[in-house]
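One chain comes next, on its own, written as structure tokens: the form predicted alone.
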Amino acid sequence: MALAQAKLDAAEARLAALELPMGGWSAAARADALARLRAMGLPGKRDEYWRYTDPATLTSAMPSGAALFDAGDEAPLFDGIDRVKLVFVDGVFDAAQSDDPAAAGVEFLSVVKDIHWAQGLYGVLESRGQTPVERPLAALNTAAARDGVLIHVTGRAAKPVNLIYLHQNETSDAILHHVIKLDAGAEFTLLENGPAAARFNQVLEVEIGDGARFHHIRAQGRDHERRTVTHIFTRLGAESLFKSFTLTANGVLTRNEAVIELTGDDAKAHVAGAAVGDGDFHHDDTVFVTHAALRCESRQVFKKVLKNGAVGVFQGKILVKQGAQKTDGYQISQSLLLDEASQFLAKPELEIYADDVKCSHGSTSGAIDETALYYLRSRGVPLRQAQSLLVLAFLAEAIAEIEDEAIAEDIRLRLENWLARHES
């Protein structure tokens, strides 16, 4: 009882420190989320899906400070791509630094605009994602977010849209809620990069119509003291495709959640991530995939490289509902521990109620293969270069989930640069 009350008290303290939006077209969805949050409270360390990650700094009334990072002469990710840039500074949309969204060939609106198509979708997938596992920080987001983008894709988008998150205030506390709707047969690519804020809470809801294709590539910024929790909620129609890849380099605390529903026959959902951390680094991927239709495919591919006491967490579940025959579910989570002080904590799960399925999961932790290292060294490859080659080979399966080879190559280069900066 005391623990439950503590969670409720934490929720009220967090809400008291926020200026909640009032009125407007999303009022009903926000009120529903607020009621749900007040009923469940904010998460605590003893909650089952937070047992490996302490949420205290994500739930506290005020954020911890995060120093600003100077990227030096390294160009921002995606700079070589013809894209439409939408810029947020500490969680607030900056029109002056942004491009005209019309150039992407999609309908773009802000969450502060008047009533429109998103009224029937805002908060809906987040609400569905609260069962069977409660996600209070997502409910907090729906209730409290004051900004975000609403994108409606009716055909093949002319250009990718790049959400750029700039961090300029060392104590900023950003909450953003995005909604993306793809009509039947539409295709769209969303790019995200930047540290966003000292503390960042994000929800991305993606409704994918029949035969539509959604590509998502995200790089979480290098400001090391930042604390981040993100949520992706997506629902797939028949013969549709969802692909998401996240690169994380540094960050004191990062929790990325993905809740994926395959509700149309022959849908495919791939979610992948590559994380590299050094020292005071805690990275948590929590994924829940539900197969609720025939002949659907899902892939979860997560790789983490950890050193100097860094911690990696993976919690992944595949739920195959009754009648979801011919399901093909694949899940792999692996860590490369570059010293004995680092940790990888994994909780893979399968729950299957259909009898004609192919599902597998695996999770491993290990050090660099000494035999492979010796082979490279014996052929004249310097030690540091040999180690970097093996680390990149380890991460390759996750990076291979990116269909755009130019972006994949850029990410490989940035990982090489990270390894060079952290050689000691």
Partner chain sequence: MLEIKNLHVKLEEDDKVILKGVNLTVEAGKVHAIMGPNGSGKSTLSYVLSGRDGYEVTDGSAALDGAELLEMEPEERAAAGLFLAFQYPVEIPGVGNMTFLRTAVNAQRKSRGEEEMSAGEFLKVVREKAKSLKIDAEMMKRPVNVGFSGGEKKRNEILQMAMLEPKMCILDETDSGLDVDAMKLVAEGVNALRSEGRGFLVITHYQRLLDHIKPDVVHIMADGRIVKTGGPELALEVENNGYAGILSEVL
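Numbering follows the first chain given and starts at 1. Model, not experiment: these values are computed from the prediction.
The discussion below concerns the form predicted together with the partner chain, not included here.
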Within 4.5 Å, heavy atoms only, which of I368, V357, L34, L376 is in contact with the partner chain in the model of the complex? L376
Determine which one of 24-32, 45-53, 58-66, 387-395 lies within 4.5 Å of the partner chain in the model of the complex, judging by heavy atom distances; exactly one does. 387-395
Do P382 and the partner chain come within 4.5 Å of each other in the model of the complex, heavy atoms counted? yes
My question is simply whether A39 lines the interface with the partner chain in the model of the complex - judged by any non-hydrogen atom within 4.5 Å. no
